[in-house]
Every structure is written in C-alpha cells, then in structure tokens.
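In the form predicted on its own, a lone chain appears below as structure tokens.
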Amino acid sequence: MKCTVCREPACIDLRRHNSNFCSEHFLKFCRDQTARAISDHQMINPGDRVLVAVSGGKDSLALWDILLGLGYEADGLYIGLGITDYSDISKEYAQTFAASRGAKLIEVDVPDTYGYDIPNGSKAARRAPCSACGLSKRHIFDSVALEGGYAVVVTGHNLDDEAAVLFGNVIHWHTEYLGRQAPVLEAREGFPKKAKPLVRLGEREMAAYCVLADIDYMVDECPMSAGNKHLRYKEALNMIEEQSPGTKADFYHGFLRSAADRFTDLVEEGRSALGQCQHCGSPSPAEVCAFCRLVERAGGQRIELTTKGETHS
C-alpha cells in the first residue's frame, strides 16, 4: 500500500476517499480538510480569538492541535464535571497537551464553582446524565466565551457524531433540531458563535491523527454515556459505511446542501420568544433558565462565573 501523494509506504487507507496516505501527507490531509470546512462554512474569520472546548479526548485535542498549526489564536476550555475518576484523568490529558504546546487552558470545575456534580446533580434534578452534562457545558461555554471576548467557540464534533445526530433527528423528525444541525450557529444576543470544524473528518481519522501527531488522549468513553441512543445510531451507520464507504459523508453533507435551509425558520420562531433569566441574565424562554433550575434542583449555588486561565509551557 503506497501513499496516493508521494508513493512512499502508506500507514492508513481512507476508503471513502479511495486514497492511502503516509504519515506526513495524512496529517496534511486532516489539516486541509479542517481548513476547508472552516472556509466553506465561514466558521472563523481572520483575527478571531477562538475558544476550543476540550474534553481530553481525541477529537478536541486533535482539533486544538490543528487550529494551532493553522495559525489561529486558539485557547482551550476544560470543564470538570465531577464524574468519578474519569474527570480527573481527562483533565490531566488536557493539561499535558496544553503544556506541550505552550497553550492557554482555561479550567472550570463544576463541583467547586456551582456546588454539584453530574452523577448526583442529574439524579436530584431528575435529568438524564447526558442532558445535565450538555446543559451545564453549553452554559459555561457561553459564559466563558462572552466574558473572555472570544469570537467563536469550537467543539470537536466529527463527521460520525454529526451523522449520528442527524440520523436520530430524521428518524424521530425532530424538526427544530434539524434546523440547528448546521456546522455553524451564528452569534446572537447572549450567545457566542459556535462551530464544528471537524465535520469533514471521522472518528477513525481523528484517532489516527493523534497517534501520528504524538498526542496522548483519554481513550475510555464517559461512564455516564452507557445506553446513549446516539451510540446505537453510530453503530447502525458504521454497518452501512462498511458496505458502502462514503455513506455517512453523503448523508450529512447532502443534508446540508439540499435540506438544511428548509428547517431554519423553525429555529428562528423559537428564538424570537427568548427573554432573560432573572438570575444569570442568560437568554431564556422562562423567567429562570434551564441551567439555573438545574443548579437549584441539584442543591448547588448560583454564581457569576469568573474564569481563570492557566498558560502551560
């Protein structure tokens, strides 16, 4: 097996691209695909300060590395969720990466800052763990980005993630969610711009990127994600992809080209009804936003978040 570019021995084959790559050209391929996604969807403008949501896993660390390599001013944000030893270990991977790149890592610990953790807080609030986790992270993403003056928050959602979410939303016809399926959500009052630059790359590619770029990452899945229906959707799509390489990319990017704009009006209708949370000031359809209700029910404390960044070098 030879590299499609240089004809030297290849280390990875990408069936949906009908290509093989050596280490050097595979890393370049990943950078080029990310740059193309950023350009095609106008995710990041020249001079933008970028906040990378970092979990310690392969996708977010690879994304951070790629953005730094492309010359973006990109800082990391790690959110400690109090999930047993998993959170402590994943934080160490994020810190180690930041130190190796001399990059700035902002750390927010949910138990220390808000007085609850995801395992116990989700039970008290009668929310599924993934729901409580996602709600907490989104609120903190917004708060840190707006307070820190970041132009855009980027997350490590890859092609496999987005195709699985789209698959679930189509199966159940969650039309409002389909309206938010785009890889970019523009900034609006109380919300920063959000983007997903890895939508042209899959999980296998990101794992290979980390190996070849010498990035250590958290391999284990979050222990709270067991039973998450999106994992089943991924498995179903993987079975189809095995027989028909390129199916996931055609499904997701075909939706963006041909159908996504048909659902955007539903999102705008929901946005027009937003007011402000009387506690934290975040946009909310009710007097108290979902995050503040979660904090209260979980027995935590409402607090104005002040971020403290650490530069690791």
Partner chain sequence: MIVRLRNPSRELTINGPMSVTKLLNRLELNRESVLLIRNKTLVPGDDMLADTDEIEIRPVISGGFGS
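Worth saying up front: this structure is predicted, and the values here are computed from it rather than measured. Numbering follows the first chain given and starts at 1.
Below, we refer to the form predicted together with its partner chain, which is not included among the displayed structures.
At 4.5 Å between heavy atoms, only one of the stretches 209-217, 171-179, 75-83, 110-118 reaches its partner chain in the predicted bound form; which one is it? Among the listed stretches, the partner-contacting one is 209-217.
According to a 4.5 angstroms non-hydrogen atom cut-off, is Arg204 in contact with its partner chain in the predicted bound form? Taking the distances in the predicted bound form, the answer for Arg204 is yes, it comes within 4.5 Å of its partner chain.
Though only this chain appears here, would Ser225 touch its partner chain in the predicted bound form if you measure heavy atom gaps against 4.5 Å? Close contact exists here: in the predicted bound form, Ser225 approaches its partner chain to within 4.5 Å, heavy atoms only.
Considering non-hydrogen atoms and a 4.5 Å limit, does its partner chain approach Glu147 in the predicted bound form? Residue-level check for Glu147: no, no contact with its partner chain.
Can you tell me if Glu242 lies within 4.5 angstroms of its partner chain in the predicted bound form, counting non-hydrogen atoms only? Yes, Glu242 lies within 4.5 Å of its partner chain in the predicted bound form.
Contact residue in the predicted bound form, from Ala151, Leu135, Leu185, Ala124 (heavy atom within 4.5 Å of its partner chain): None of the others qualify; the residue that does is Leu135.
Across 228-249, which residues bring a heavy atom to within 4.5 Å of its partner chain in the predicted bound form? Read in sequence order, the residues that approach its partner chain (within 4.5 Å, in the predicted bound form) are Asn228, His230, Leu231, Lys234, Asn238, Met239, Glu241, Glu242, Lys248.
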